[in-house]
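First, one chain by itself in structure tokens, the form predicted alone.
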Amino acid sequence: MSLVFAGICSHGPGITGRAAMADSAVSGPFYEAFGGMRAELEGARPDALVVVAAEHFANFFMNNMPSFAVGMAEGYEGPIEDPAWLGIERTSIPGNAGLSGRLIRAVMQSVDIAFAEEWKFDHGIMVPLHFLTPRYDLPIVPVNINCQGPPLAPLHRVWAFGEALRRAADAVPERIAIIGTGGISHWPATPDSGKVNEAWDREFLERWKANDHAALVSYTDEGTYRDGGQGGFEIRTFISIAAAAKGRGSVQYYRPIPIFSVGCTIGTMSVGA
């Protein structure tokens, strides 16, 4: 079939774990935007959802850190974190090993990737699924882009990976949805936790909405670390979605929510030719 839905969203653990601590006048519209994204996703009638996330040393560490990895299992479990801390009960999530295998083989035609037949989901995947597939009944294909342990894949390679995901989605008979989850700017687990660079975030989102390839891949890791924190490296997941969708984006919600330690974002992108 082809790609039928593309979007981006934040995945900070505070979004679920500290929900009661946020000002409802601010967080309420954010949760409503998640609901709108869920409705749009369901309306696209996907057979599977590809979640491009930034894994947080839950499954991969510096002794074996792939730049790009795709899950290939019939099922997964999450969250790997304490459910009480994250505010999400541990559960089983369906996969589709056959579909994953076909997508992996297609991506491998142009981009070298790793694959994993065992994968425990951390908050990077579980927080979005909590809102977008709360019944956990849609098969998931998890994808990790290393945003944690330098050296990180250059952004032009991230773009190429997104393009490869699109070619793979277009090559299978199933209807494929894809979301990227991440920052944008944030400084997790540091004395600056809760800090958000709103101006930097908004400039990035303008580039993302325009699907401006040159502008999106022009960021340097040094500049991102300075302006967006170590969490800002997660722009890679959003950039991959722009490359895959080939369309124009819209942002349904963006606002810094310091208690969630991130500039909270919900966006969708039209699927171009």
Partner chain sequence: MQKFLFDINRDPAAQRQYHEGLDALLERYALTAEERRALAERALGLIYVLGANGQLLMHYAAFLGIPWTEYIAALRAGIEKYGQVRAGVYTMTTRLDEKVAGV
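Residue numbers count along the first chain shown, from 1. Because the structure is a prediction, the values reported are computed rather than measured.
One more form of this protein exists, namely the form predicted together with the partner chain; it is left out here, but the text below deals with it.
Of the candidate stretches 119-127, 67-75, 153-161, 171-179, only 119-127 has residues with heavy atoms within 4.5 Å of the partner chain in the predicted complex. Remark: all three candidate residues (56, 82 and 193) come within 4.5 Å of the partner chain in the predicted complex, counting heavy atoms only. For the chain shown alone, residue 225 is a contact residue for the partner chain in the predicted complex, at least one non-hydrogen atom being within 4.5 angstroms. Contact check for residue 230: a heavy atom falls within 4.5 Å of the partner chain in the predicted complex. Contact check for residue 185: every heavy atom lies farther than 4.5 Å from the partner chain in the predicted complex. For residue 259, a non-hydrogen atom is located within 4.5 Å of the partner chain in the predicted complex, even though that partner is not displayed. Residues from 96-115 do not approach the partner chain in the predicted complex: none has a non-hydrogen atom within 4.5 Å of it.
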